[in-house]
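Single chain ahead, written as structure tokens, the form predicted alone.
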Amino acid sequence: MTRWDTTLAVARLELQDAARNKWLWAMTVGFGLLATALTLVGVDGARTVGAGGFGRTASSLVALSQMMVPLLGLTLGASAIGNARENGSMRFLLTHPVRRSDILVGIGLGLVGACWAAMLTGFGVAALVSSATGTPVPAGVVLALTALSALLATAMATIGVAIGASTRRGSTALGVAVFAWLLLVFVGDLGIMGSALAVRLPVGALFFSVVANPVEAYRLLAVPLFAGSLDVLGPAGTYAIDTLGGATAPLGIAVLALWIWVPARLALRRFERTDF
């Protein structure tokens, strides 16, 4: 088998395992139901107040993605290696004459594929409901939100794999993943804002501190899709417009790309040194 044959074979195995994962199904169904409910609320708002209803729908979908996409990616990624270690499948794979890097890339591809499927299902159901109720959300916006959510899911799954490769037990990896989710989604943002108020952090430093968080980088990319401007993000958004201008979107994409590349390198280093 060539290296890509090995990688794709492992990716297929990981997708099959993901398809049997009740947590993944629960998250997918939950995401779809919540996205549908938010869309229905937005449809009602659009009929009442016009275009503002669509803005509320899109902003709600972004907020939902900020909560659920990191949780899904981190937990799936963190538990993958630990589960494979505990059920013996990792040791079985390593008995074959294959590179560990090929196995790890295959695991990552399978996890990312599972996360993408969940994102497509959630946003797809929301778009169908919106269309069926006679107030369709613009297809371009839905596709853009789906693509950005898939990029965020890729970063989160990669971080999760790095966590799983750095811990010995699946339960430990899962606990660290949940803590990382709390840190990225809640604590990090609140901590930065609190520190900014306490030490009077300059707006430029505040902006770059916030955008270093992959979840906030995702919001930086998603908000202009429905708001048309970053002013709604407050001083940090105004700073982005005045200072960075058209470079804001490339910056957000670069941040997410770094959160994929750096954890991937860390995961590979740890995985190659681990005794299974």
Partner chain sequence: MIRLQGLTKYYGANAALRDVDLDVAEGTSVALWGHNGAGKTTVIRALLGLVRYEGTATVDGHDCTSDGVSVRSLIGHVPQELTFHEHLTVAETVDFSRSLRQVDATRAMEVLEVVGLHEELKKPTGALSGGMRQRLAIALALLADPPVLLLDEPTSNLDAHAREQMVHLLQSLRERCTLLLTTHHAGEVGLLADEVVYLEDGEVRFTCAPSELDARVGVPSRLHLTLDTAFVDPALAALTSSGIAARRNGTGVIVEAHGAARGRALSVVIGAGIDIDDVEVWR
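Numbering follows the first chain given and starts at 1. As the structure is a prediction and not an experimental result, all values here were calculated from the model.
Keep in mind that the form predicted together with the partner chain is not shown, yet the notes after this line are about it.
Within 4.5 Å, heavy atoms only: does L94 come near the partner chain in the predicted bound form?
Yes, L94 is a contact residue.
Indicate whether the partner chain has at least one heavy atom within 4.5 Å of a heavy atom of G140 in the predicted bound form.
Because no heavy atom of G140 falls inside 4.5 Å of the partner chain in the predicted bound form, the answer is no.
Hey, in the predicted bound form, does R169 get a heavy atom within 4.5 angstroms of the partner chain?
R169 lies outside the contact set for the partner chain.
Could you confirm whether K22 comes within 4.5 Å of the partner chain in the predicted bound form, counting heavy atoms only?
Answer no; every heavy atom of K22 is more than 4.5 Å from the partner chain in the predicted bound form.
Only one of these stretches, 69 to 77, 94 to 102, 115 to 123, 148 to 156, has heavy atoms within 4.5 Å of the partner chain in the predicted bound form; which one is it?
The contacting stretch is 94 to 102.
Since the partner is left out here, which residues of 10 to 30 would have a heavy atom within 4.5 Å of the partner chain in the predicted bound form?
V10, L13, Q16, D17, R20, in sequence order.
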